[in-house]
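This document starts with one chain, in the form predicted alone, laid out as structure tokens.
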Amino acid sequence: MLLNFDRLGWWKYILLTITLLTAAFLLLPIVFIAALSFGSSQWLIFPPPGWTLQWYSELFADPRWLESAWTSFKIAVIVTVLSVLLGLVTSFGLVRGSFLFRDALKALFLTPMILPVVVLAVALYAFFLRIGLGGTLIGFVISHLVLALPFSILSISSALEGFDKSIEDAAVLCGASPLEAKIRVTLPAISHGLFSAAVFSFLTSWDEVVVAIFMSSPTLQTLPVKVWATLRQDLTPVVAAASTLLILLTIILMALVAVVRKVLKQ
């Protein structure tokens, strides 16, 4: 008989304590930064002496913050579209294909997830500086795409591996072309993988700071870079407000992923 949680005895209280402590360790910094964004002090002081929405007003009234947010959003959307399209084509090749060194190629595509981000950032910076893409929108998109593509490949490949290809073959036998069968049968069946790929690609680009610091210029900065630069110059609570909005969007999208995946799998 398998041991379940109710049969653990006093061990279950130890596990619950460890779980709660781990959750607190992960969540308390988020709670602190959110609380600081509503604090009435002009410095990052905890606990806040009072509560105010002043820093959010200053955030939305400053065109530099809004421009950085728009730049982040624009880059993230472009990266998301390219990542899902390239990830879809690559996943079909890796899952359906049968060729030499297929596993090695798959490992190569996942390399950006393993390499230290700063190493990848330095390499991209040196290369883009030589070809004239440093500090440009195209350079931002390509560098973020390198980081986002592995997430698309993992999500879509996992969905493809769980799809019964015989259903697609049956559609072809019924008169559909191979391309039509993939569009009308396979893509709807793996839509949860496509959705996950899109969300993780967006968040990878939206939250990226290390590579973005190397790619940025005085006239082109993403929101995380703007937060970092402002934090180095001034400990204003506006930084906490911007960070809170970044965290909030991430939480909303992650919750949306969980809900949509559950709905699509029913």
Partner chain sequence: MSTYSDASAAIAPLPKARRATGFGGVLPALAFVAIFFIAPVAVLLLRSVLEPVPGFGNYAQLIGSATYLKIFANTFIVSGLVTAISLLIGFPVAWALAIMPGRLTSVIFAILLLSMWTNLLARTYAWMVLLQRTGLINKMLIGMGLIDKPLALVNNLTGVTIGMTYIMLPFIILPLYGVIRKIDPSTLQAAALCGANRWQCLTRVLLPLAMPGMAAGALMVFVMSLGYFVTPSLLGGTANMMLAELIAQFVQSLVNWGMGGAAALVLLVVTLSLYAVQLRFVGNQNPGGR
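From a predicted model like this one, the values you see are computed outputs, not experimental measurements. Rigid core (definition): largest C-alpha set, two forms, superposition within 1.5 Å. Residue numbers count along the first chain shown, from 1.
The form predicted in complex with the partner chain is left out here; the points below concern that form.
Of the heavy atoms in K165, some are within 4.5 Å of the partner chain in the predicted bound form. The closest heavy atom approach of R184 to the partner chain in the predicted bound form falls outside 4.5 Å. Within this chain, L59 is remote from the site of the partner chain in the predicted bound form, having no heavy atom within 4.5 Å. Contact check for D169: a heavy atom falls within 4.5 Å of the partner chain in the predicted bound form. Residue-level contacts in the predicted bound form: of L86, L160, V77, L194, one residue has a heavy atom within 4.5 Å of the partner chain, and it is L86. For the residues A69, L220, V210, A35, the 4.5 Å heavy atom test against the partner chain in the predicted bound form is passed only by V210. Along 241 to 255, these residues reach a heavy atom to within 4.5 Å of the partner chain in the predicted bound form: S243, L246, I247, T250, I251, M254. Core-superposed comparison between this form and the one not shown: the CA of W70 stays below a 2 Å shift. Put the two forms on the same core and the Cα of F60 is off by less than 2 Å between this form and the one not shown.
Once both forms are fitted on their core, a CA shift of 2 Å or more is seen for L44 between this form and the one not shown.
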